[in-house]
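Just the one chain here, laid out as structure tokens, in the form predicted on its own.
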């Protein structure tokens, strides 16, 4: 069988499991976007627009926030699917050992895993785009344009974090990852406010973060505004992250599982 067919088997297995467990993801998929936009976009946004925020942004805060949250939601989804589920496959449930006892090899396992994450991301971002449109933050067409960069952002994080998880001995490293990497990125990559509001000494670091590039692409496409940086730079950055993460994941997963 070809690599594509074997990777498809991994996707099929994940889909069969998800068919039994999808109810557990309903809140994160459907209700989190609504709650975030209600709380931050409508609630806090009203205070921002009534103060100085509308002058600084020149657009309603909800409109500014929604595309950034699309990219951040993709990051969170990709990171979540590449952390504890991967650790479970390696250490707790050992499903990866069972998979490798079949004709599926490590490259097919990693590609199949990331393909399934991509399917999950597509579903999540389409739902979020619909919610964003329903709130009036963008149009249907522009909201749809923001889905591909959000998908690329989530896959880039999923690939890198899959490689990171493959080298961990226990789950403590995953808690540290979300506490000291994912959460700061969520807060300081331009999702909630322009990076120009940060102190000058930290702005270069914020511009170098992968989530910033995802936010820039999603916001520029969803709102039809200028990109924070040239879109080709952002696309190249995220593609390189995805390719490098996939190659590292294959290598580290092989070291971990093949004895």
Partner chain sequence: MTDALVDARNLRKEFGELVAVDGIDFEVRAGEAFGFLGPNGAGKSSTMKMIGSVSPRTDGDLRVLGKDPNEHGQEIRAQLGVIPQEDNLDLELTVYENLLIYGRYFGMSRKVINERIDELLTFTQLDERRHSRVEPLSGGMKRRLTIARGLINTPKLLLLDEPTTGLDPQARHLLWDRLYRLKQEGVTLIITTHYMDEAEQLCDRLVIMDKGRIVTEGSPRDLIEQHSRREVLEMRFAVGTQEEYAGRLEGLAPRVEILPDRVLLYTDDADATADAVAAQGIVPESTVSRRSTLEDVFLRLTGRTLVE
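Quick caveat, the model's predicted, so the values are computed rather than measured. Positions refer to the first chain, counted from 1.
Same protein, other form: the form predicted in complex with its partner chain, not shown, and the subject of what follows.
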(request) Could you work out which of 98, 122, 140, 187 is the residue within 4.5 angstroms of its partner chain in the predicted complex, going by heavy atoms? (result) 98
(message) At 4.5 Å between heavy atoms, only one of the stretches 132 to 140, 101 to 109, 77 to 85, 150 to 158 reaches its partner chain in the predicted complex; which one is it?
(response) 101 to 109
(request) Would you please decide whether residue 13 lies within 4.5 angstroms of its partner chain in the predicted complex, comparing each non-hydrogen atom pair? (result) yes
(message) Please determine whether residue 167 contacts its partner chain in the predicted complex, using a 4.5 Å cut-off between heavy atoms.
(response) no
(request) Mark residue 251 yes when one of its heavy atoms lies within 4.5 Å of a heavy atom of its partner chain in the predicted complex, and no otherwise. (result) no
(message) My question is simply whether residue 17 lines the interface with its partner chain in the predicted complex - judged by any non-hydrogen atom within 4.5 Å.
(response) yes
(message) Where, within 236 to 259, is there a heavy atom within 4.5 Å of its partner chain in the predicted complex? Residue list please.
(response) 258, 259
